[in-house]
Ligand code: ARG
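The chain below stands alone, shown as structure tokens; this is the form predicted alone.
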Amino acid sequence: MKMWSGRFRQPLDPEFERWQRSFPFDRRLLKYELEASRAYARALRKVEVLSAEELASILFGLDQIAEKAAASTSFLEDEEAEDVHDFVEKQLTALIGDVALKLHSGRSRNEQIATDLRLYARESIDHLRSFLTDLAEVLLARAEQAGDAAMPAYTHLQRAEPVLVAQWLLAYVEMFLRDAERLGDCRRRVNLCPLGSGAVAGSTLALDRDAMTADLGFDAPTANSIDATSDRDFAGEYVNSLSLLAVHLSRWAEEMILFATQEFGFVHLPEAFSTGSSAMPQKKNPDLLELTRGKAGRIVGDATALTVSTKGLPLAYNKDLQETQEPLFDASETALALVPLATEWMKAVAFDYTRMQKAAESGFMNAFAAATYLTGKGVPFRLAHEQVGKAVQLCLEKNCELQDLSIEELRQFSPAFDRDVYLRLTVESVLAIHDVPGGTAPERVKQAITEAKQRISAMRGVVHAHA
């Protein structure tokens, strides 16, 4: 018998019935459905809908369902359950009899699914923030290991200026810490309790919503029953946050793919995360990185699907909202699988510091430093820029670097050049002049590493508090 069948005289069309079921994907919410049902049962006891014995029986039955699910995946193979709520009611009734049917007193599936999804999103956020903290920690450790090794930084994918390898890695630390912070901010709006909202107008029972909220670890009850039963903003915000995380992972993957090519040769792919070619024996392919890049598009697509599913819905609950679940599950579970793999890849990768350093010493990446040198001699920067640009042109004709030009050749372009300019054109000097907070000067990078450690430690404390 369906949970709603009293008003109907004809059975559902069999094809439609199979097509509209959500249990094949919302059964992953069983843990949260049981958790919310326990809290609701305790609230029903407080308003004397349940006796103490009935409460004990229901709680026992819910625990039995959890144990059965943990013991065998086949337990969840139910071809008839419409959704996870229907499944739990069927199983509970089979275990404890008709007293199970009292659990739905004053309750609606509309508030149940809203509660389950919030519990799912909250736990997923907590796991992801922990994983992102791990990733940031590994990136930071690799930055410390890099020491004073230099590499080219790029703009427009052309060599721009030398930077410390450590600073390059710290750029990713910043991205992933922002993702963790963004998810933490999202968590505040996720962590509200819809129980007691009923189908749309609020429960008909005088339930203690604050008690249910505390029981489930939420921060507060939702403020409006109409909004609570139809709101999926929290899911949209969460998945959109994941889409930014996916973009960062994709950028990281793309750069590592480029740097692992023979043309760059900065990175040696870890074999544990690579595969070969079935045709070309010499190949080592960056499969983890390429799949990361590909799955980023999938997460961005989930964010779009979820947003479009809700864009035209009148208040309050509509069956369309069932279509928000799979994008939420897919994006969340894809990200939860990706981040730990990226962390392990970063632990295993080897950097060719020698090749990076050599690349940082060529390609006129000291040109800006040369212009800065002239500016320090009183030459207006725009003139200095033009004069150094002409010197670069001469170098291209002679197939040499700026530091290879004689002082007489440099003075063709500006009389302000003196012999001390050569000291300013070394990689070490070019790095050192970027001596501002956030810059690549070695002392600034050491300071940034210390500050990043503090931020990661603080994030770890918050994550543990939510565990």
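When you see a residue number, it is the position in the sequence shown, counting from 1. Since the model is a prediction, treat every value here as computed from it, not as a measurement.
Below, we turn to the form predicted together with the named molecule, even though it does not appear here.
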Legend entry - Options 217-225, 317-325, 177-185, 350-358; stretch whose heavy atom lies within 4.5 Å of the named molecule in the model of the complex: 317-325
Legend entry - the named molecule in the model of the complex reached by all of Asp83, Arg109 and Ile113, non-hydrogen atom within 4.5 Å: yes
Inset, instruction - Evaluate Asp26 for contact with the named molecule in the model of the complex, applying a 4.5 angstroms cut-off between non-hydrogen atoms, and reply yes or no. - result: yes
